[in-house]
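The data below hold one chain only, encoded as structure tokens and taken in the form predicted on its own.
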Amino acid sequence: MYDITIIGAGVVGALIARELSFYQLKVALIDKDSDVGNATTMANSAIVHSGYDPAPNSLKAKLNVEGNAMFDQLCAELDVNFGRIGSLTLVMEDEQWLVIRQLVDRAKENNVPVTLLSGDEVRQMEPNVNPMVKGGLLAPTAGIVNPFQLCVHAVENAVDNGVNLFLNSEVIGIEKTSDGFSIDLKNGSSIDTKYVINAAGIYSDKIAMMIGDNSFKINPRKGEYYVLDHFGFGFVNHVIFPLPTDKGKGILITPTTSGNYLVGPSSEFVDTRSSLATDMATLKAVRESATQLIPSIPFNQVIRTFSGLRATPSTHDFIISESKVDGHFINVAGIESPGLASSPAIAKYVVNKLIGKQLLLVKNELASRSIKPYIHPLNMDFAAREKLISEHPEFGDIICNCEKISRGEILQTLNRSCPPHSIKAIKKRTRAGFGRCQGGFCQTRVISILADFYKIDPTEVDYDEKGTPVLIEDSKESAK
């Protein structure tokens, strides 16, 4: 019997699991996919919003601002790439000044530092911005983060502290028992638990309905993006926003922690919770909107497009509370933007405000807040890198030429407590296959590493979920 079971191993579920691991509790973290962070966490803008935009006194505003302030320490503890580069919201028309000044007033209510800039000041900070820009709103506390690392490393920390992780564990039913719940899984197993934390993202309303809670509905909203190659440092130096609308924060242009640039997202409600297809018309609209802010975006440097789904709630605010159906069932739902920025504060809120008032929380003295640091050869100076390679030659065997990722870096992820089991999982952890060729040259070598490590045939190595192999059969055999 578990004390607490968390359904959903996205960044919110991961950080809740980590926070619970600091106490003497038996905790399970389950997810229907073959890897953690495989849904919204995997496909978003990777921005730590400052918090000036959410409606004052909302959970979004409170937790965004609190979460933002936690990122420096959190990312240091979890060895996650993070940069507090600030954001610029641009004024392109004179009539927009009224809206910007309203945002300044909102920022004051939310206790977020912002500065109004003239057009000349914006152009000085961002030489590639539309020369017709009238001004802007600078939010210096905004940042960018590697969301893949954040989720994986948080789970790794939680597992190291005693949390049990169950992947490929889709929930198909939840039954009330005398001392909690029995969670039935599609794989035929079940989990008995005293408390459930529902952090299932775009499926959180479906999970809630399994106990008869229909108090909210999730409306999936799709966002489509362009990914640009590392074509030039400083093309934009901040996260560049248009004025926000009722659809969201708008089409943005931002650098990433890996030196790429993101352009997007679109924002359209969709009927499906599974399709991540992109379409030409939507991407064209994204491109047209983005070039109004930065006219010289080099779309000839696009290396891929992608889309993600956001869990937009019917309540218009984060849903973080005990279910009215059963107080031992806690909904953590509707965590759309600024969900990533809010995630560490959400975890604290759930544990301290909700779990803490029902369970006695006793510190786990053996728990650590940090993970063992990863070896990052590209961050080393020449002498340190040469010494590393002489002692560990696998770090000199480059597997991915685009991103300069070595065999050693891949092997170290496989020997951690939240290891990758697929090509895509390695891609998220190391960036092998994330570059210009999108795995065209390195994918076969990644397959070989996975096959050797797990002692399976290369045709059994999946791209992502179980049953998604890249190789169908041995070409020599098929030629016979």
Ligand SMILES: Cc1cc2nc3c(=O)[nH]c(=O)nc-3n(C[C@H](O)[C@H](O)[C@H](O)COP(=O)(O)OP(=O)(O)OC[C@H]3O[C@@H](n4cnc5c(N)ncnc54)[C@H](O)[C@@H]3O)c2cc1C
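Here the structure is a predicted model, which is why all the values come from computation and not from measurement. In case it trips you up, residue 1 is the first one in the sequence shown, and so on.
The same protein also has a form predicted together with this ligand, omitted here; what follows describes it.
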query: Non-hydrogen atom contact Thr40 with this ligand in the predicted complex at 4.5 angstroms; finding: yes
query: Interface membership of Pro265, this ligand in the predicted complex, 4.5 Å heavy atom rule; finding: yes
query: His49: touches this ligand in the predicted complex, heavy atom cutoff 4.5 angstroms; finding: yes
query: Contact of Asp79 with this ligand in the predicted complex (heavy atom, 4.5 Å); finding: no
query: Listed residue that, although this ligand is not shown, lies within 4.5 Å of it in the predicted complex (heavy atoms), from Ile335, Ala142, Val196, Ile253; finding: Ile335
query: Contact assignment for this ligand in the predicted complex, among Ile410, Val171, Ala208, Leu117, heavy atom within 4.5 Å; finding: Val171
query: Partner-facing stretch of 157 to 165, 391 to 399, 131 to 139, 219 to 227, counted where any non-hydrogen atom is within 4.5 angstroms of this ligand in the predicted complex; finding: 219 to 227
query: Residues within stretch 307 to 321 having a non-hydrogen atom within 4.5 Å of this ligand in the predicted complex; finding: Gly308, Leu309, Arg310
